[in-house]
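In the form predicted alone, a lone chain appears below as structure tokens.
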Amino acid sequence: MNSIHPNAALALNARDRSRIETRRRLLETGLELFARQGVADTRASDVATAAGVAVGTLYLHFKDKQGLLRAIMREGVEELMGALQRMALSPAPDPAAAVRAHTEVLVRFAESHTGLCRILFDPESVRKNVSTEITEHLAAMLELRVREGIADGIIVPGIDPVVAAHGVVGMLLQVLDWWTRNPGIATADSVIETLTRLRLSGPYQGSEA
């Protein structure tokens, strides 16, 4: 039976660690440069140089700049979805509290991930449909909640779940984009309060924030 020499195993582990560290460095550097310079004005070679690797190394990990961009956004979305799923594990006592909790998760995430938000709404991200993938994912989650609300009699009849979900997500993302670019205009608490009241003012029956 063949066995791997301990030194060879250590070398493999070292290579794995180096590969993981390089990938992490490229992701962090890409996020910083895309947010600061804009996606269109940031070249793959810029990211590689700032990360201290050859541009060929970036291509080995992400194929091209768009691959890096999508990987950055995917990680951000996974973190956000994790926060929303944790929120769902502790159901709110009523619809108003549920809407407020959902809104707070999104606002707090945007507050602590301003660079990611800049990339999400970057014109190049929109043109390449990177933003579309994320908004569709958020809308699909909200659509399910709307359908459940209609079935439970919480949401008024006649509301189209698909239209409602995209409408709410569009409003939320538009406000968060504006707010993260102009953080001094309003506090996070006031953004949460206002968005919560706007969300509750239409589809929910007899609910007040």
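If you're wondering where the values come from, they're calculated on a predicted model, not measured in any experiment. A residue's number is simply how far along the shown sequence it sits, counting from 1.
The form predicted together with the DNA is left out here; the points below concern that form.
The candidate spot formed by M73, A98 and E133 is out of contact with the DNA in the predicted bound form: none of the three has a heavy atom within 4.5 Å. With the DNA omitted here, the record of contacts in the predicted bound form names 44 to 52 of 138 to 146, 180 to 188, 44 to 52, 165 to 173, defined by a heavy atom within 4.5 Å.
The DNA in the predicted bound form is approached by T57, whose closest heavy atom lies within 4.5 angstroms of it. By the criterion of a heavy atom within 4.5 Å, D160 is excluded from the residues contacting the DNA in the predicted bound form. Contact between D64 and the DNA in the predicted bound form is found at the 4.5 Å heavy atom cutoff.
Using a 4.5 angstroms threshold between heavy atoms, R197 stays clear of the DNA in the predicted bound form.
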